[in-house]
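Consider the single chain below, provided in structure tokens and representing the form predicted on its own.
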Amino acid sequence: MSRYTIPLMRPWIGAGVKKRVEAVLDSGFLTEGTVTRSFEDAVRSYLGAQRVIAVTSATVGLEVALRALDVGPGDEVIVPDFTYPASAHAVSLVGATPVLVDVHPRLMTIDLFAVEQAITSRTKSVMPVSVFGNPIDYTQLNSLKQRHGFSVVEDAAPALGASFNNVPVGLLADITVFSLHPRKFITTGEGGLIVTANHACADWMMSYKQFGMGISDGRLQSVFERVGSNHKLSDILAAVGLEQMKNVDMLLSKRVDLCEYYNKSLAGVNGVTQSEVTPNGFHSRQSYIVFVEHRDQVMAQLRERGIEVQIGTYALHREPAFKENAGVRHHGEFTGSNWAFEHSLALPLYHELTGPEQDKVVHELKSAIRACAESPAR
């Protein structure tokens, strides 16, 4: 039983989800099969994508994507410093070097000037993160890509439904990876989706995630052509996502409406700075982020009052796994990343969140900010 009267998140499970899962259980076929294929097809249709491949997590998806592009030892991959550690972990897992660079403090997306400054002869790929669902400026990123020749693997873990210049996230990078974690509005509990228009890469990834089996005309063959692994998404989990995809537009619209309500309620509030959306971008709103002074003290007070809030995400260069690691390269001063890390606060956001509950969150946030400003922790 949660101690929070208003939790940070609560996954939406429609009435049809249980019936669809029961149908899989009754079928006796529980591993990856026709239901997972149908889930992939639903996402492909929604995005207008060429290929969609379901895997066990977004972290696995990023790792498999890098392997498909032959990224490995001796290569460097540029990663934003302000992100969940999985972004950089995937780079290290394939034997390449994560190069951490700064982010824009209000957009919280990768600083593309810092990217260009960090490029070396070893740069094989850039891994931008559409953090919290805020899309990447691909006009600038593609200009860099054309000049320097790197591939782009987008960590779009929270960004299903986002777009840039009216082009869906998923169609902009060489390979894009989405997460299906419960904080995402389309979830399977755990899981990930790899999206690409590169059929050769897609075939390789399909083979690799299924023990290295051969692929012909998109079908698995009873021959093992390479060393692979097992990253199949079971039909049980895919059934949850497949049913949710029926409601993807409704779920996304509701999140946007909830965030607009927060925007209006917090506009002009002393001590609150709202985050920004990439120009020409549509934000899919995995999380609603504000910036406040005395963030940790404000967070503690809100939690004491029954409202679950959380930090935005991590400044990787401050974490032990990346701080003193010879296999990680730091580039720059991380001014934007440090500011975002120290000030970002995620407010409750989920489908059933009501107006009165949002009003309570706003009221208690204002109260906590005032109290912390008057008596900041020493």
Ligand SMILES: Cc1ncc(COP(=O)(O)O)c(C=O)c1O
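Small disclaimer: the values here were computed from a predicted structure and weren't measured. Just count from 1 along the sequence shown to find any residue number.
One more form of this protein should be noted, the form predicted in complex with the named molecule, which is absent from this view; the next part is about it.
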Contact residue in the predicted complex, from S57, N338, Q310, N325 (heavy atom within 4.5 Å of the named molecule): S57
Contact residue in the predicted complex, chosen from Y84, Y261, F291, W204 - any heavy atom within 4.5 Å of the named molecule: Y84
Proximity to the named molecule in the predicted complex (heavy atom, within 4.5 Å), stretch among 214-222, 99-107, 156-164, 67-75: 156-164
Every residue of L316, R318 and H343 near the named molecule in the predicted complex, heavy atom within 4.5 Å: no
Proximity of R285 to the named molecule in the predicted complex, heavy atoms at 4.5 Å: no
Contact of H181 with the named molecule in the predicted complex (heavy atom, 4.5 Å): yes
Partner contact for P135 in the predicted complex: the named molecule, 4.5 angstroms, heavy atom: no
G191: touches the named molecule in the predicted complex, heavy atom cutoff 4.5 angstroms: yes
Neighbours of the named molecule in the predicted complex among 124-138 [non-hydrogen atom within 4.5 angstroms]: V129
